[in-house]
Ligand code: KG4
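We begin with a single chain expressed as C-alpha cells, specifically the form predicted alone.
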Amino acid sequence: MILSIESSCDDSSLALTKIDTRKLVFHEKISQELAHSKYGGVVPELAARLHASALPKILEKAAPYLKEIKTIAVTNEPGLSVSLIEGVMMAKALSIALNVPILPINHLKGHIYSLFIEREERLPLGVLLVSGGHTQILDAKSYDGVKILASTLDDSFGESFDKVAKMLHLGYPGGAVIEEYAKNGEKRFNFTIPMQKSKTAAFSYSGLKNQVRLAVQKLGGNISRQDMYDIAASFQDAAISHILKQCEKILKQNLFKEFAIVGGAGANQTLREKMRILCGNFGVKLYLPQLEFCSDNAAMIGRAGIEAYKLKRFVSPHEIKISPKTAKLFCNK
C-alpha cells in the first residue's frame, strides 16, 4: 500500500491506498476551519501548529497497516510553506523508520486524480481546477503531460468567495455560506462579468471582488439579511458566468470529448449544474469527483501516488524539498 499525507493548507489528512487495486483502505481528515473562522482566513502559523497535533493522531489509527507500506506519497508543492513542512517532515521520519522511499506529489495533480479514486485513470481530458488558491483550465493528457490553457491573473474563484464572505462578516470558509445565501437572494446588484470582451482565455476576480466591496460600502451600516442574500446571489451569478465564458472559449476549440471539474470550489452545485449544461451544448461528457474528495484530502494524493509509483518517482528523505510557490506547476508537454 501507499501511505499518503496531505497538509498543504488547513486540512490534515492521511490515507492508505492499495497499489494494485486502487482500493482506499483508510482515509481520515481533520479540518481546521473552526480555528481559522474567526480570523476570516487561514493563519499560517496556527495551521502549522494544528497540523503538528492532528497528523500524529491520524497516524495512530493507521498504525496497524504500516508494515504493508511500500512507499509514502506526500504533498510537497504548492501550498503554505509552514503547512507543507509538517507533512513532509512526517514523511521523512516514516521513510527512515520503515525503510521505504518517498513520492513527492504536486497538490494540483492530486486534485486531478480525485476523479479516479478507486477507479482507473481516464485521460486525456480537459479539467477546470477551482480551489481556494487556484483557478485553471488544464489539458491533462497523462500524469506528466498536463498543460495549463488558462489561469487567473489575480484572485482565484474560491478565494473570491472567501473574501466576499469576509466582507459580509460570514466567517471562513466562504464558499458554502455564499452559495447558501445565494439561494435566498435575487440578482439585484448589477455586477459586471470580468473580461467579457477579452479574446484570451483567462480569469480575473479582483475587479468583481471590488464591485462587491463598493456595494457593501454604499449600504453602510444599514445592510440587512436580505441585502446579504442579494449580494451573494448577484456575486455568485457573475463569478460563475465568468467561469462559463472562459470555459466556452476553450470548448469552442474542440480540444476535448471529456471534461471535468476538480478542487474544493468545484463542490458548488450551481457551478456543477451550469457546467453540465455548457458541456452538453458541445457534446462533451462532464466528470465530477465525489463531494467528499473535492476539498483537500490525502485520498487524492494517494491516487496520484499510484501513478508516480508506476513511474518510479522515488526520492530519499534527504532529497525531497518543498515548493510553496511553483512557477511551473506542471510539465507542459
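Everything quoted here is computed from the prediction, not taken from an experiment. All residue numbers are counted from 1 along the displayed sequence.
Another form, the form predicted together with the named molecule, is not on view; read the next lines as being about it.
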Contact with the named molecule in the predicted complex, heavy atom within 4.5 Å, among A176, L255, I148, A93 goes to A176
Between L50, M275, C294, I306, only one gets a heavy atom within 4.5 angstroms of the named molecule in the predicted complex; which residue is that? C294
Among 138-146, 166-174, 188-196, 203-211, the region lying within 4.5 Å of the named molecule in the predicted complex by heavy atom distance: 166-174
Hey, with the named molecule in the predicted complex, do E159, G264 and N268 all fall inside the 4.5 Å heavy atom range? yes
Quick one: does G132 come within 4.5 Å of the named molecule in the predicted complex, counting heavy atoms only? yes
Even though the partner isn't displayed, in the predicted complex is H107 close enough to the named molecule, meaning a heavy atom within 4.5 Å? yes
Partner contacts in the predicted complex for 225-251 (non-hydrogen atom within 4.5 angstroms of the named molecule): none
